[in-house]
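Just one chain follows, in the form predicted alone, and it is written as structure tokens.
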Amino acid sequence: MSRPALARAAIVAVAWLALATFPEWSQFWESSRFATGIIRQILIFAIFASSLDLLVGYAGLPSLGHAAFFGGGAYAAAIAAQRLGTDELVVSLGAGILGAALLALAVGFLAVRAVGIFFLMLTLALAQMVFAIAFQATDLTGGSNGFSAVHRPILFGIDFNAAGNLYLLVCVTFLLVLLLLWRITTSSYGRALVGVRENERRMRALGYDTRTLKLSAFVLAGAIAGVAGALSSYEFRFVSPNDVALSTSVTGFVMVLIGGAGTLFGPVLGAAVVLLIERVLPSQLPAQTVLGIVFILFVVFARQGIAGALRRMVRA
């Protein structure tokens, strides 16, 4: 490994250690508990935004139905834990990943046959069908009342009901997801996805099965979104149809575009900006209006997002 790569790895390791130990070294702050909760939510939505970026930034598949997999994973984790009568992390998180992946396979099988605006609208339509099921299947999902009293999991005797343990679980999962996405996007498979994004016709001429490539990316992104959904159900102990709604998909899309599509840390930065605006902004200021202004500014003046702007500054 080259020296620059080692330096980057060391910086990432130190940053993650500082993040993972935040509750300990910030415990003397008056707002430490509130800040810890905000960071936990940022990391959960960063996983969600990163999964969407695999589609938008690398495969060139702008989906407006990604919340279906986020909410699907949340529902699957909560329902599996309740119906099986267990709080084991492996069971609930595994159910969230599997449920979201199977849902993504069903949706993607139909969606990847379309391109451009037709793909966008098809993902939206299929996701709205998932929303309707979540809203109407009262016996299974709780309907409009949502699925409440979600149990936080346990693993090897560690009870994640404690806020500190849950924070560490989210941090470790966030790191593992980032490492997985780094490995995917730097592999030949990741480069093939970029090739599909840039020129699908040429990739087909080179012998690639582009439809299978897009479907595999769709399922993989859906499974990762399911991880975020399961963590969200642990965090809020509640799942509702809003988790599969269009508004959640749009929020994820905004996170990706503000942070910078096609980058590893861009969606993380975008998630931080959006969550800080929504959760920390003084109540006198309308959060959605401020977020809309920020989004417009990035679209007009920095289309490559925060990550692109930082890259230009470093090169300059």
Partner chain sequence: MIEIRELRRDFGGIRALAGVDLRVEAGERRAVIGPNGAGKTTLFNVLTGELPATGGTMRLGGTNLDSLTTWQRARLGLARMYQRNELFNPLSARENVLLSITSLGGAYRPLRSPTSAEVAGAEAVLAQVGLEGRGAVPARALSHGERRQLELALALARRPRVLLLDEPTAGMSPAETQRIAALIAALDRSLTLLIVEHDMDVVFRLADRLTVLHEGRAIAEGTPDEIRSDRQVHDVYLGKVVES
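Positions refer to the first chain, counted from 1. None of the values given here were measured: they were computed from a predicted structure.
Here the subject shifts to the form predicted in complex with its partner chain, a form of this protein not shown in this document.
Asks: 119-127, 240-248, 134-142, 178-186: which one contacts its partner chain in the predicted bound form at 4.5 Å, heavy atom to heavy atom?
Replies: Stretch 178-186 is the one.
Asks: Between the options 199, 161, 82, 148, which residue brings a heavy atom to within 4.5 Å of its partner chain in the predicted bound form?
Replies: Residue within 4.5 Å of the partner: 199.
Asks: Residue 113: heavy atom within 4.5 Å of its partner chain in the predicted bound form?
Replies: The answer is no: residue 113 has no heavy atom within 4.5 Å of its partner chain.
Asks: Given that its partner chain is not shown alongside this chain, does residue 102 nevertheless sit within 4.5 Å of it in the predicted bound form, heavy atom to heavy atom?
Replies: So residue 102 does not count as contacting its partner chain.
Asks: Is residue 109 near its partner chain? Define near as a heavy atom within 4.5 Å, in the predicted bound form.
Replies: Flag for residue 109 set to no.
Asks: In the predicted bound form, does residue 207 have a heavy atom within 4.5 Å of its partner chain?
Replies: Residue-level check for residue 207: yes, a contact with its partner chain.
Asks: Would you check whether its partner chain, in the predicted bound form, lies within 4.5 angstroms of a non-hydrogen atom from each of 19, 27 and 32?
Replies: None of them does, since no heavy atom lies within 4.5 Å of the partner.
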